[in-house]
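Starting off, we have a lone chain in the form predicted alone, written out as structure tokens.
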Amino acid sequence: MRTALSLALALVCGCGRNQSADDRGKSPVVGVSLLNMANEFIVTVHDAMSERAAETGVRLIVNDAQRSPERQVQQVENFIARRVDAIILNPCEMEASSPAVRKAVAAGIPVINVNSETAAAPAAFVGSRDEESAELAMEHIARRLEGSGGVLMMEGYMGQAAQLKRSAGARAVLAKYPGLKLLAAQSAEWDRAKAVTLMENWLQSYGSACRAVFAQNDEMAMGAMLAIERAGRKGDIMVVGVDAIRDALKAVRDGRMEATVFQDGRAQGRGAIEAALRLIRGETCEPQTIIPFKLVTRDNAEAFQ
């Protein structure tokens, strides 16, 4: 994956600033604004960025936006004031985080979006096609339910690209199976505790009509699974998530959770640093690096350690 990623980043559009940090004989400085460092997947992306930065002599200034696009815009304004060489943005929202991209572009600082997208175009994007994760998850649910039954969908932080695109991907699959009924779709904001509460409410409202839950990330999937088990419904309702975090992989291996969808956070994090370096140096840079998702079930979970 790393070799393919490096090759992809070397291919297409030339872009960069006139004088890079390397040209000035200094270590490149990259500002990083992350969606939410309380999320295990985002921590994976961060750790991979830090690892690659250490290997390549890049100095990172990392900020946690704590799910606030307003805070994220302020963080980027601070990076601009400090004249960092590049900015890596893990956007909080597709629209509300876009001013951060526009401000940096206007200041002549290249922006790399990692994992999630903005309406405003950055210099490069490193991530995955979020519709694909939902398509894989919902197709698996459809197969396991033989195309018939009630489904619940836990959505992420509303307005974020992953929430919008995973919802669209799931609904596109549901449209192919008239026997599958979407009972409800509601946000638990990527949060495990909020997912427990939401699932408890849904169990009261929909009872035996619910056959499966698609949670748009594993934190919510774990919360849904906990509520189901507390209600004595283990085995009655399948849960499928996205990200393949450690807890979810163990739950899939143990047969508690039906499936998850692997998202390669390490490749995304390392790839974002590679893209930043190329842009800083004025080298060629692929405007989009798309890393495929992979369905994880009990049959192949051991391969995703």
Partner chain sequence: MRYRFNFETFKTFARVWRGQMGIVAALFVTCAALTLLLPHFIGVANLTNVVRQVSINGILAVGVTLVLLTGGVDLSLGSVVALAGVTAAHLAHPGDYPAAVPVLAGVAAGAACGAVNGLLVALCRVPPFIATLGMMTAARGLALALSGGRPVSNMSEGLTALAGDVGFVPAPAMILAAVAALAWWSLRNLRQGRYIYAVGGNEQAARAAGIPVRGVKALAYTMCGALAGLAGVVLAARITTGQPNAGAGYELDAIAAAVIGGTSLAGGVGSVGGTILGVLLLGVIGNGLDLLNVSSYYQQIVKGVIIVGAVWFDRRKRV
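Bear in mind the structure is a predicted one, so any value in this text is a computation, not a measurement. Numbering follows the first chain given and starts at 1.
The form predicted in complex with its partner chain exists for this protein as well; it is not shown, and the discussion that follows is about that form.
From the candidate stretches 130-138, 72-80, 191-199, 143-151, select the single one in contact with its partner chain in the predicted complex, where contact means a heavy atom within 4.5 Å.
Every other range fails; the passing one is 191-199.
Suppose contact means a heavy atom within 4.5 Å; in the predicted complex, does that hold for all of A38, Q204 and E219 with its partner chain?
Affirmative, all three are within 4.5 Å.
To verify the annotation, which of these, A107, A96, L174, L226, has a non-hydrogen atom within 4.5 Å of its partner chain in the predicted complex?
Comparing distances to its partner chain in the predicted complex, the residue within 4.5 Å is L226.
Which one of S50, N63, T44, S68 is close to its partner chain in the predicted complex, taking close to mean a heavy atom within 4.5 Å?
Comparing distances to its partner chain in the predicted complex, the residue within 4.5 Å is T44.
Counting only non-hydrogen atoms and a 4.5 angstroms cut-off, does L183 reach its partner chain in the predicted complex?
Answer yes; at least one heavy atom of L183 falls within 4.5 Å of its partner chain in the predicted complex.
Could you confirm whether A209 comes within 4.5 Å of its partner chain in the predicted complex, counting heavy atoms only?
No, no contact at 4.5 Å.
Can M158 be called a contact residue for its partner chain in the predicted complex at 4.5 Å between heavy atoms?
Yes.
Report whether the minimum heavy atom distance between K26 and its partner chain in the predicted complex is within 4.5 Å.
Heavy-atom contact with its partner chain at 4.5 Å: absent for K26.
Just give me the residues of 244-260, first to last, that have a heavy atom within 4.5 Å of its partner chain in the predicted complex.
In sequence order, R246, D247 come within 4.5 Å of the partner.
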